[in-house]
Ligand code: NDP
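Starting off, we have a lone chain in the form predicted on its own, written out as structure tokens.
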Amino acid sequence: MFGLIGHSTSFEDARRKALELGYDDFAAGDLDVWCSAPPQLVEYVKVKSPTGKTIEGAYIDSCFVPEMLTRFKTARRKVLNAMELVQKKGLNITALGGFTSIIFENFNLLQHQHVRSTTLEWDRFTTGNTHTAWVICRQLENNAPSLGIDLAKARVAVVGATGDIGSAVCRWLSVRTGVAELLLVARQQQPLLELQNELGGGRILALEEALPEADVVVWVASMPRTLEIDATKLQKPCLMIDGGYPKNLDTKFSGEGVHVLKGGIVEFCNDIGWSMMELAEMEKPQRQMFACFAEAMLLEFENCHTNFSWGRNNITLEKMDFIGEASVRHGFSTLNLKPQLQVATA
């Protein structure tokens, strides 16, 4: 059985969902009440692959909301408690979705393997980053040509290039896709130099330098709230793939010739009888989901119960091949631009 650990997109969304589920006390409570709320196993689901195999899974709401990010101890406790619940329920492989994987990595929760009387078994959990990286690369390969962008001649900026997903995207685009040039953008210089050395190329630029040059921009880092970009200076056409969380690029970049695509989203071939994606603002909540969630399903389909995506910069091309082939085989497709946003290729 697979598991998905998630959370609501905001405190107000969480209260609304709690009211729908009958948790009236939590629905009426303030943020302090929610800080003490335990994780909840919200629903069980069944998913059937086109191969004929059916798997079962569960969605666990961590009762974390983004407003808790400034409360370090609370955020840490929320994720660890959700992982403890998963293990007690005996789930084989569980994906850390949304901010839960970010909290796990940035707060270094590997140092907190013991939760009360439970010793967490790390091989029961995955960040889902390998599938997310593969999906973003496929979205780029599928959608850029439809906008008239020749990838063999294109400059692709990866914002957040030294992160787990960003570095995997860079490896894939450098070796498998063969883009003309990678523009590497990240906050810290030394990891950028190490990545450039590993790739054997790529140009290190500041964000404001990279954006006007890029035909495609892959965002796998949080966007600065104060960021102001003159859209008239961007390449036309320009494909922006929003691989961060939350997905808010379209609030900053809009205008003729600039096309924003929600990155790291997949669509299953059939409806899934669940309610968990309703609050994630998916266009088709019965079929669409974050690629990180889908990774747990794929590992369950493949009977591969291991922490497939774990730690930083451990994503290999071979792992991306494996999870990508499984994704196609079991009925997942990448989210693409709407037809009216595409233009005929030259």
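Owing to the predicted nature of the structure, the values given are computational and were not obtained by experimental measurement. Quick note: we count residues from 1 along the sequence shown, nothing fancier.
Unshown form predicted together with the ligand; subsequent notes refer to it.
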Region of this chain that lies against the ligand in the predicted bound form, out of 74-82, 196-204, 232-240, 125-133 [heavy atom, 4.5 Å]: 125-133
4.5 Å heavy atom contact, Thr226 and the ligand in the predicted bound form: no
Contact test in the predicted bound form: Phe301 vs the ligand, heavy atoms, 4.5 Å: no
Proximity of Arg312 to the ligand in the predicted bound form, heavy atoms at 4.5 Å: yes
Distance check, Asp164 to the ligand in the predicted bound form, heavy atom within 4.5 Å: yes
Option touching the ligand, based on a heavy atom within 4.5 Å in the predicted bound form, out of Met276, Val258, Ile272, Ile102: Ile102
Proximity to the ligand in the predicted bound form, single hit among Phe253, Phe107, Tyr245, Phe268 (heavy atom within 4.5 Å): Tyr245
All of Gly160, Val220 and Phe290 within 4.5 Å of the ligand in the predicted bound form, heavy atom check: yes
Residues within stretch 258-273 having a non-hydrogen atom within 4.5 Å of the ligand in the predicted bound form: Gly263, Gly264
